[in-house]
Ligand SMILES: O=P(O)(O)O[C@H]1O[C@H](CO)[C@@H](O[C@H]2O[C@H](CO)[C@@H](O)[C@H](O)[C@H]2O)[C@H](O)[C@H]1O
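Let's start with one chain on its own, the form predicted alone, as structure tokens.
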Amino acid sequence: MSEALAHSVTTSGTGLLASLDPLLREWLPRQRWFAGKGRPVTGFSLVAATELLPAGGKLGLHHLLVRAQQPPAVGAPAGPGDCYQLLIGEREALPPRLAPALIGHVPEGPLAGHTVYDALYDPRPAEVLLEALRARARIGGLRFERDPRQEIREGLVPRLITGEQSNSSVVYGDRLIWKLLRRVVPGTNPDLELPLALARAGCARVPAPTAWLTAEADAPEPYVLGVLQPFVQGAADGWELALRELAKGEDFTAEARALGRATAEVHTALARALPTVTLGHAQMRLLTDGMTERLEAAAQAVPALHPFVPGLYSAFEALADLAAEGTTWTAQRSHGDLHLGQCLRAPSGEWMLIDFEGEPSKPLAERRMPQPVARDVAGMLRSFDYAAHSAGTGGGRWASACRAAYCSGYAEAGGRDPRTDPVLLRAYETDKAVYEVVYEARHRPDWLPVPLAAVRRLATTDLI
């Protein structure tokens, strides 16, 4: 463990944050992973500050957990603000190669006269993180943990993945990938919890965590801040692969079937590793009431939904009626936000599932609740529709074939075809499509026809 990693600063963190405040107000809302877009940042409060490389030298490195204070969204209660994890690099002058990482020049305070930047763009700070994970370091409130059975080699060259992400990722020597969670909450994060459980269950469909970072701060439970996992070299992202095959006019049903098998294997392993529960009338009523409330709120936000509301409502009522008649369902831990972009096809042809964080906009307790596996299946079915949108004419036939193949593959490995419970599947797919309508109306209006086409279908039929 190097001397540079022995520093921890908490008492001066408030002064540090005060000096960074005006710069962060401009920089933070521009980041892809910032959740409070459209509302001004009015200030920050410090959760924790830790010095990983000492200030005042050639290179400083500061780890911050800060709450961004903003006016509440329309209809939402006021709260303490979202907590973000920042790695702030500090140099006297920023070399041209780090220009994309620039946060700004600090005029006063502990870093006066220095330039600060997003340190993940810089190989040396990324190496510091890996060194700390290898050494299982304790630095202030930060806890660098690792699986002693897995090797973390020295000398792995880091590179930041700069594509659109809701977090930040660094690849080390094409052997390991570090996912740094940006918006964090205290408690057990499923992005670490579920891969660890799957590793204990011997499921090879999910890369087993090699190391992870937690922080003890202002809450009863630690914050999970990052996860290091094996990097699947040469793997194809499911979304990009589907788009390539579509562009070439190639059939994708064999891949969809294999992906269905992989999903079922993960679900089966999770059901073995973690408790399952039975959902009866009372629990399903709560579930369908939540779906109905989301539909009502969506219809208020997006008038284009109005003609379809009665038909969509019937999807939820049909499920509630089945529950009232005595039908029960098994609920278990699942992926929580499954779509093609959360899947990797290895060079061997095997599919793997990644990113078990769930929908980051939802509370952690909700993301960790057991659900029927139909929720994951519905997410993947919607993803095939989205991919097909890029193909224009003929895309609908492609999506239908992929949806059917995926369900068939799921039945082969899971023992039950999701289509044998059409009422449950329709309700979950409807709930997902309603969410998509609101998202697209707010952020990508050109994509709004995609979920609206699904809404039109789901409002008139119970078939997938």
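Since the structure is predicted, the reported quantities are computational estimates derived from the model, not experimental observations. A residue's number is simply how far along the shown sequence it sits, counting from 1.
If you look for the form predicted together with this ligand, you will not find it shown, but the lines that follow are about it.
Enquirer: In the predicted complex, does Arg382 come within 4.5 Å of this ligand, counting heavy atoms only?
Expert: The answer is yes: Arg382 has a heavy atom within 4.5 Å of this ligand.
Enquirer: Though only this chain appears here, would Tyr386 touch this ligand in the predicted complex if you measure heavy atom gaps against 4.5 Å?
Expert: Tyr386 belongs to the contact set for this ligand.
Enquirer: Please determine whether Ser166 contacts this ligand in the predicted complex, using a 4.5 Å cut-off between heavy atoms.
Expert: Heavy-atom contact with this ligand at 4.5 Å: present for Ser166.
Enquirer: Find out whether any non-hydrogen atom of Asp421 is located within 4.5 angstroms of this ligand in the predicted complex, and reply yes or no.
Expert: No.
Enquirer: I need to confirm a contact call. Of Arg257, His339, Arg345, Arg205, which residue comes within 4.5 Å of this ligand in the predicted complex, counting heavy atoms only?
Expert: When this ligand is considered in the predicted complex, the option within 4.5 Å is His339.
Enquirer: Counting only non-hydrogen atoms, choose the one of 35-43, 57-65, 396-404, 432-440 that falls within 4.5 Å of this ligand in the predicted complex.
Expert: Contact criterion met by 432-440 only.
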